[in-house]
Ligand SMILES: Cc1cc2nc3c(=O)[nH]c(=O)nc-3n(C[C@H](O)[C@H](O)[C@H](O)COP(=O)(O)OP(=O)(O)OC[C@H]3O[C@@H](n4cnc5c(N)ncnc54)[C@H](O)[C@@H]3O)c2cc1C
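In structure tokens, the next block holds one chain alone, the form predicted on its own.
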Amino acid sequence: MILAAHPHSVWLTSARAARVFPPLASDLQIEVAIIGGGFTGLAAAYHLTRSGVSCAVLEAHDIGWGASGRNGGMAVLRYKTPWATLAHRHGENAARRLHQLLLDAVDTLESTVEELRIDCSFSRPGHITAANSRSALAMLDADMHWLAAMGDRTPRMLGPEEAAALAGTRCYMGGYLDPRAGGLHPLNYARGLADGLAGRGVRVFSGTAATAIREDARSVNVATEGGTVRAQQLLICSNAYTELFPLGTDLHRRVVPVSTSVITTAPLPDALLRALLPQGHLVSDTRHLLNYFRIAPGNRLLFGGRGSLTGRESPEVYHGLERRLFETFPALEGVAVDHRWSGKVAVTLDDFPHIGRLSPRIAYALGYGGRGVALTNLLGKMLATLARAMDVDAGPMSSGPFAPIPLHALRIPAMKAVAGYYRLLDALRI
């Protein structure tokens, strides 16, 4: 199989040299086979290996080729749904469980980096959720009070002046700061994790697309061009790219792949960068079609947002993103943009990722919706638990409904209609 090239991202041009992982060239027998060489699959392999379980990772392209090597590198401590809403919808106990799981997710990420000594610029600069409307500000305030009532008094609200000083823009009415959030170089993390696994004896194969899955009474067999992997358990970790290799399952119809696009400025003078993000915070806003930004390698500002609804590259998408960048940061007007790239996130109907089983031998985790930098580490660890025939409790992520989405084939016209509605709400600051 010919490997698809990584997009021309700032992560690629600043990444460590990639270790060459060969394609599978013969049949293999292993305890656990893993489809997907991104954060979820590699995290599952890491925790399986720590438990003494042999496993092999099968990646159709190259390690970190999908969302894991293209994202903003922001491990935030929020789900897409506000905390107070989660408590109302699922109950106080479930919301408390979800809160603890998210803290565990970022801690797991940090401990993995430390144990394997991964050089990926991991730090915890904190994350600002910037409010673009009064209703969003009230929502964030309700979240802070809910967290305080359950004993978590770490996050705090930012007034408009402090938000402007820390986020470098007066576009927002205030914000919510959680200093525990982490940032990293995502492609270096993926490559470093794969290197660490290989050093511990994990078989990692690139250019090895799964072409068919067949179960029998004693094993599950994964066919590839180079050979068949016979395993006791199979973990499917292909997230937004599941539709490329559906393999006879309905997982690709349980999520909607949505494109997100990212740009970076050319290198900025130190003084200008310090004026924009003086403490290096990670920032995302509360728009329905949200934007996010942070410092990127080489003194650049990274700025991301919604990509093409059809999934095809389009200059207009990047032009729109550049307009939003300069509206947010007028001081950058005229600064060159030197990286442009896109990738896909997997969106679910309830805005949660999901983990579960398709059969006694096949498990999955996918649907992060842009929250995967932290949650992939959590659900990858839980997949390793499932593969060892033990139950997991991820709250609504493991117990909530996760059926195929009705009228999935009509998702693109539906997304266009929703995007138009969201643009109106954002313009009206609702």
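Here the structure is a predicted model, which means the values were calculated and not measured. All residue numbers are counted from 1 along the displayed sequence.
There is another form of this protein, the form predicted together with this ligand, and it is not shown here; the text below is about that form.
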* Residue stretch of 52-60, 398-406, 23-31, 385-393 approaching this ligand in the model of the complex, non-hydrogen atom distance within 4.5 Å -> 52-60
* To do: Identify whether this ligand in the model of the complex is within 4.5 Å of every residue in the set A136, C171 and F303, based on non-hydrogen atoms.
  => no
* Quick one: does M74 come within 4.5 Å of this ligand in the model of the complex, counting heavy atoms only? -> yes
* **Y79 within 4.5 Å of this ligand in the model of the complex, heavy atoms** => no
* To do: Answer with yes or no whether A331 is in contact with this ligand in the model of the complex, where contact means some heavy atom within 4.5 Å.
  => no
* Should N239 be counted as a contact of this ligand in the model of the complex, where contact means heavy atoms within 4.5 Å? -> yes
* Selected contact from Y318, Y292, W146, F122, since only one has a non-hydrogen atom within 4.5 angstroms of this ligand in the model of the complex -> Y292
* To do: Identify, from the list T208, Q233, T264, T112, the residue with a heavy atom within 4.5 Å of this ligand in the model of the complex.
  => T208
* Which residues, if any, of 63-99 lie within 4.5 Å of this ligand in the model of the complex when only heavy atoms count? -> W65, G66, A67, S68, R70, N71, G72, G73, M74
